[in-house]
Every structure is written in structure tokens, then in C-alpha cells.
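A lone chain, given as C-alpha cells: the form predicted alone.
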Amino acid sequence: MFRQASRLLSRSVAAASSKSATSRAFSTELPSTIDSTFVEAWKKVAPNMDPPQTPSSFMKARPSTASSIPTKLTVNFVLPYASELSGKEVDMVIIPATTGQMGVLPGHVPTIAELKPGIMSVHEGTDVKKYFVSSGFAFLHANSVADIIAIEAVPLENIDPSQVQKGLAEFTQKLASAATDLEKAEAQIGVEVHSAINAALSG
């Protein structure tokens, strides 16, 4: 009896969960609704203040996903002080994610990737533009748009290899002679960034 009851219960729970999983909409697909009862109660308590807004008031609709995969990837590449690429249509982008080099093509699954110091290459036909990025994030959307935000970036051809070697030597020396944890951390960051630039130039 208990065995049969548990079987029926598990079956009904599984059916309910599968139904909710298939019918549940994304929050950005739901219409923004305002609870009129709450607004009326709020006006009675604080008539001179606007009622608080929920996150749904600020959400935008999810970008439409094309029925077929587009032939180009749209890239927006921005820095805190400049916009390097805006709405640029390219064939592929390779980004230095913390999990490893990541190639992004049109139709890539939606992903958020953290960037580490390394080379980001933008491929447009036979033309390849390479940037050294320090860190940042890449937001890959379902509509084949990639938003890449870097803290610092510079075209690879603008980097002087001799200055990189000089900086690497200086930070290596600072790391060896560091007396405090702060000095060690700053020197370690300098060594890692210069080592990454040096590896990018030599490889």
C-alpha cells in the first residue's frame, strides 16, 4: 500500500514539474504589471512619494532570435574610455577566457565569460585584427551579438617588445624584494600581465 502511494506521488510530482518546466516563461517575456492594490495602499501611507519599482519595470524584452543562424557575428568591443568596435559584423572572434581560448561564431549559445590577460583576435575574412586585453567580460547573446568589455586593450602591433621585456624585469625584481603583502600582490600582477604580453608577442 505504501509502495503504491509513493509511486503515485512521485508520478504526480514528476508530471507537475515537467508541466511547469515547459510552460514557465522567462521573466523578460512576461508583461510588466503593476499591482493596483499595492499602489493604493502605498499612496495612503506615503502620498508624496512614488511607489517603488520592481526589476520588471526596467527589464527590456529578450532580443529576438532568428530562425536561422546568421552568416556574421555582430561585435561591440568597448573600453572605459573608448569604443573600439561598434556593431562590427565579423566572421569570428577568439577571446582569452579564464577557462581557455574561446572561439565565438554566429549562433553561439548565450554565455558570459570572464576574460584574462591575453590576445583577442577579430577575424573578418582574411583580415585578422589582434588586441591585447588585460581583463573584462564577454557577453554572448542568442541573436549572434557579442558585447566585449575590457578594462584595458591595445592593438598588438602598437606594443613595443623591448618595453615589455624591461617591464617584466622590473616587476620580477620588485616581486623578489617585496616586503609587504600589498607590494607582493602588485608585483605579481605586473609579472603576470607582462608575461602574458610577452607570450602573445612571441607566439
Partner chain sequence: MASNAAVPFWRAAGMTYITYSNICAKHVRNCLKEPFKAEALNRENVHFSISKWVDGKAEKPILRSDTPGV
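Small disclaimer: the values here were computed from a predicted structure and weren't measured. Numbering follows the first chain given and starts at 1.
The same protein also has a form predicted in complex with its partner chain, omitted here; what follows describes it.
Proximity to its partner chain in the predicted complex, defined as a heavy atom within 4.5 Å, holds among Ala178, Ala169, Ile159, Val39 only for Ile159. Although the partner is absent here, Pro106 sits far enough away that none of its heavy atoms falls within 4.5 Å of its partner chain in the predicted complex.
Shown alone here, Glu89 lies farther than 4.5 Å from its partner chain in the predicted complex, counting heavy atoms only. None of the heavy atoms of Phe77 is located within 4.5 Å of its partner chain in the predicted complex. Though the partner is left out of this view, Gln163 does reach within 4.5 Å of its partner chain in the predicted complex, counting heavy atoms only.
Although its partner chain is not shown here, in the predicted complex the stretch 79-112 places heavy atoms of just one residue, Tyr81, within 4.5 Å of it.
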